[in-house]
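A lone chain, given as structure tokens: the form predicted alone.
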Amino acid sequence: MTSPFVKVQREDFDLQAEIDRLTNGRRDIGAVVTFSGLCRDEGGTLGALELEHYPGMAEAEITRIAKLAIERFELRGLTAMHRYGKIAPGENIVLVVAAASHRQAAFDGANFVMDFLKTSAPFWKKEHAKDGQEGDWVSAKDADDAARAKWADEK
């Protein structure tokens, strides 16, 4: 089985470099799907999003999810990267790169990883307002749970 590349880091990542790392010299890949999640400014009110994680546990859970995706969708490669620390609007937060022989497997693999990552990986988000006020911790969303649940219904 292909091993996923999983990394949790403070610094930004380079989308093209990660695609190249996964695909260079490969002739068995027919499709690459990328998802890059960015910090949005919430209508101009957000100054930064602070992300905390459980070191070691976050990497282990993302690796577990990634391995499930590789097996379920017969992926030829998978990269999952997540940042932590204070992230400004417009900056990258998360990256998933799924490579497969065919496009549908790559799309499904990337969606699967994101749906599980949003609900299973131990990350916590706190909003910091543009005016400098420290905001609240962000609660989990029912929509994220619903997105994850759809994978249990498929055979």
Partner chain sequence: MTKLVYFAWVRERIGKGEEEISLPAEVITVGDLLNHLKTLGEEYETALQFPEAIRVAIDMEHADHDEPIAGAREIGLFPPMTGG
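Numbering follows the first chain given and starts at 1. Quantities reported herein were computed from a predicted structural model and do not represent experimental measurements.
If you look for the form predicted together with the partner chain, you will not find it shown, but the lines that follow are about it.
- Three-residue candidate spot F13, Y84 and V97; no residue lies within 4.5 angstroms of the partner chain in the model of the complex by any non-hydrogen atom.
- Taking the partner from the other structure, the partner chain in the model of the complex has a heavy atom within 4.5 Å of a heavy atom of P122.
- In the model of the complex, the partner chain sits within 4.5 Å of a heavy atom belonging to V138.
- In the model of the complex, the partner chain sits within 4.5 Å of a heavy atom belonging to E61.
- In the model of the complex, at least one heavy atom of L117 sits within 4.5 Å of the partner chain.
- Stretch-level contact check against the partner chain in the model of the complex with heavy atoms at 4.5 Å: of 24-32, 66-74, 99-107, 48-56, the positive one is 48-56.
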